[in-house]
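The chain below stands alone and is given in structure tokens; this is the form predicted alone.
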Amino acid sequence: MRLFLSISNDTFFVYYLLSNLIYLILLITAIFKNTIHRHRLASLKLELLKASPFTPPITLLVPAHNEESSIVESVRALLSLDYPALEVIVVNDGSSDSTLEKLELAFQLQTARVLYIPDIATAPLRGIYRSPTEPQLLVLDKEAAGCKADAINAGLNAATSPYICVVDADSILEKESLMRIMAGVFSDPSRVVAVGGIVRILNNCTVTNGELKEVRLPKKPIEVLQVIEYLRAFLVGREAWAGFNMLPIISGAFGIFQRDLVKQVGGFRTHAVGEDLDLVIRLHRHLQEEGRPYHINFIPDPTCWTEAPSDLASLARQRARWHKGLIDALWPNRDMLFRPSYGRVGWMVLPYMWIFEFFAPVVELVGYSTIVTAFVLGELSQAFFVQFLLFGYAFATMISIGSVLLEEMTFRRYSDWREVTRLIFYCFFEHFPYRQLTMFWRLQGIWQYLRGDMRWHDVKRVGISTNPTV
């Protein structure tokens, strides 16, 4: 028993240490890449991009299911984005509330005769509508298929632009976000096939007429902890992985893709729980198999603001779904592991995601259990416990603080020193006890996947238009 506890604790310590060392490398890489990006921004002239005849059109795809509380505000905000050639396609995915009715009233929708070719099979369409007041708006009304991917594919079938951008119906893009994210395409148009932007927490910010007016840190501790998570995931993780050209995911809330390329891989996989992760991995597979030079990029300044769960039950359902989506994307592509034909994606990022993402809650559960057991039996070494606190908890906390400081050195969205202080303060609670909570939620996701529960499980949201502080 003593030998088992010792081996288990040492293994957990090495696992935790390796995980933190990898993130330290990612943090250093992100700082370097961010510095280069800021120098490039200084010479970027958005007005020239806007006026250029070579700026390609974009189609925004907005899947909407029971979004009556925010759909009108969201669509108005999207229609007012600062971009020269924009098409907005809202897909009402069998909503049981008044989502479609609110759109009809707000934009005077009329039945439209539009050639719709279902290159990608979806649930049947019930109607296609255009707005006489907003000619760039197209609304598809379709039967629900029980998944977001099916709604996106319907919009993809109707899209006419060379680039598509998937945006959640409850999210808000900043005015210049499309110009800024497309700058990531213009930097190397022959190679860049997809670009992701950053997603930030909208809770407690001020929104007026669908436009973000004031950025404030959320009030609830559970929301502030999510802010730190998002900063580390986007400004560190995704920026660094993109720098190595191994970005495994572009957020389903905000990402640009070449339309024809997405169609070549069959669109978004129907019934995929994590359709955003699944698509990007399949794009890597397709492009590697073709031997085509490409880059899937991340740009840190184009921003999408989205409402985060503000109660534990909703957050638990979201994190369980995310982890369920992770295995749902990794398992079908397991043959890419350690295959030379898939390059660094097969040799590095996918093994990392299996070992340090998917298996993380299982390893942590076993590790915490053996540490507690060793303590109860009097077998826990004081030196081991100090080292674990130092290289586990303290190391991980410093990386989170580094993410916050990287945000403050670059974009300074939270300019009030009191809010920055709060962010740093909450960094000390992210890895205990918040990490242990997410461990249990992710284990729930594994259990749901194993027993075939692929439902989304609704997340409670206040809505953009119903709360003046959201």
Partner chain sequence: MGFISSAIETLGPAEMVLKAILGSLLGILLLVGFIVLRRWYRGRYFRRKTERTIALRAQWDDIVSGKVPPRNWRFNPLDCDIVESILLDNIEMGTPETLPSLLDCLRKSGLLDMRVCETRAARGWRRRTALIALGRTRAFEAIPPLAEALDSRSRETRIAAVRGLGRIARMDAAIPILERMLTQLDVPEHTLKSALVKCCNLHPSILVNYVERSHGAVRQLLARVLGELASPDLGEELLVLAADPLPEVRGSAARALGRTNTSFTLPALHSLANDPEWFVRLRAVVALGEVENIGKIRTLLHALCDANRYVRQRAAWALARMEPQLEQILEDVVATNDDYALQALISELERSGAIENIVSAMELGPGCGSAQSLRDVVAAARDRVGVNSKALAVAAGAH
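Definition used throughout: the rigid core is the maximal C-alpha set that superposes within 1.5 Å between two forms. Numbering follows the first chain given and starts at 1. Values in this document were obtained by computation on a predicted structure and should not be read as measured data.
Below, we refer to the form predicted together with the partner chain, which is not included among the displayed structures.
Taking non-hydrogen atoms only, L138 approaches the partner chain to within 4.5 angstroms in the model of the complex. The closest heavy atom approach of D453 to the partner chain in the model of the complex falls outside 4.5 Å. G402 belongs to the set of residues with a heavy atom inside 4.5 Å of the partner chain in the model of the complex. Proximity of Q436 to the partner chain in the model of the complex: non-hydrogen atoms within 4.5 Å are absent; the residue sits far from the partner. Only one of the listed residues (T111, S96, S341, T206) places a non-hydrogen atom within 4.5 angstroms of the partner chain in the model of the complex, and that residue is T111. Comment: the partner chain is not present in this chain, but in the model of the complex one of L380, V215, A253, M353 has a heavy atom within 4.5 Å of it, namely L380.
Proximity to the partner chain in the model of the complex, taken as heavy atoms within 4.5 Å, picks out 128 to 136 from the listed stretches 315 to 323, 300 to 308, 128 to 136, 222 to 230. Taking a 4.5 Å heavy atom cutoff to the partner chain in the model of the complex, the contacting residues in 378 to 394 are E379, L380, S381, F384, Q387, F388, L390, F391, A394. In a rigid-core overlay of the protein, E229 has its C-alpha displaced by under 2 Å between this form and the one not shown. The Cα position of G378 differs by 2 Å or more between this form and the one not shown after fitting on the rigid core.
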